[in-house]
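One chain is shown next in structure tokens, namely the form predicted on its own.
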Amino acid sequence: MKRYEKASDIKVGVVGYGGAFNMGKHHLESMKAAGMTPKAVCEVDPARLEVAGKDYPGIETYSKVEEMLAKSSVDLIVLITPHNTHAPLAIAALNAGKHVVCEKPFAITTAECDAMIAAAEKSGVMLSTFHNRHWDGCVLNAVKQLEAGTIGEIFRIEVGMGGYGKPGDWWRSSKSISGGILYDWGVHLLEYSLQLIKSDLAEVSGFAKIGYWADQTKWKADTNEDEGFAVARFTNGKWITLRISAIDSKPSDKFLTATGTKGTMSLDWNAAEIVQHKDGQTVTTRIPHPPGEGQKFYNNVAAHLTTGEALVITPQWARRPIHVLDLACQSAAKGTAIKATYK
């Protein structure tokens, strides 16, 4: 893989500068903070492309990815596009010799991940996924508590989010585009959990409630599931459960609960709540989360491409939560557990 003398030599661009969450600018600013140089923006909406030009005077602007790949000297491309476009766009960019970062989720299926990894290896370029939440304060706190033995040996993790409400009428509520209800936040929650359980994946079971909101959205048959549930079992006997729901009338404010032999740790967005049993007493302690360190994602990418520092979010790591989600969808459709291909 080509090494750059310094981070500023790495010319970066984004595909997608839409108004939702303003993620195009967020990525460019984060890469700029890591020392890299904004070079190009590709966006199908002329109005948003005009905004990009104002945000970054002199930056190259393109309305088609093919044109960007053919004309721009950009080295690293970030894909900020609907989930079902990640694989084809990434493969095209990788085949053109560009380094690629995909917004999460990495892709929708395991097969797409495999094809992307193969393209990166063939071209000798970097491939990663924007798992900046790998460094969220909540998971940094959880890792610290587990390493300190606060709750003993962890054997079960429950993660999930819920609420009661009609899905929005946009691509994120279309299963064929988004992957389904489990993909958007589920991939973050799984990525947290996989940092905490150190074992090989054995099999996945998936369950789905489908149809309640379907006739109330324009997507109808293509709408996301109302609720998705997955159980990932590991070879050491530990397991993770994941639930994302749009029909949960009493959602919890805790999005991750880890149960260990000496106590339980539950995470909300502010603190870790630790429940332990000491001398016949139940003791509850709240430990505030430290600040997140999400900028480390692009700092690591820049260091990887310059000094050869090990890439933290490798494509193989990014494939792990996608493999779980893919198997969960297959299992829900077939009504049986599916053995894991990748550990």
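Bear in mind that the values here come from a model prediction, so they are computed numbers and not experimental data. Sequential numbering from 1, following the sequence displayed.
One more form of this protein, predicted together with a small molecule, exists but is not displayed; see below.
- The small molecule in the model of the complex comes within 4.5 Å of a heavy atom belonging to D45.
- At a distance threshold of 4.5 angstroms between non-hydrogen atoms, E103 is in contact with the small molecule in the model of the complex.
- Of the heavy atoms in D184, some are within 4.5 Å of the small molecule in the model of the complex.
- Within this chain, V15 lines the site of the small molecule in the model of the complex, having a heavy atom no more than 4.5 Å away.
- The chain is drawn here without the small molecule; in the model of the complex, the stretch among 85-93, 148-156, 243-251, 110-118 whose residues come within 4.5 Å of it by any heavy atom is 85-93.
- None of W171, W239, W213, F207 but one reaches within 4.5 angstroms of the small molecule in the model of the complex through a heavy atom, and that residue is W171.
- The contact residue chosen from L201, I80, V139, L190 relative to the small molecule in the model of the complex is I80, the criterion being a non-hydrogen atom within 4.5 angstroms.
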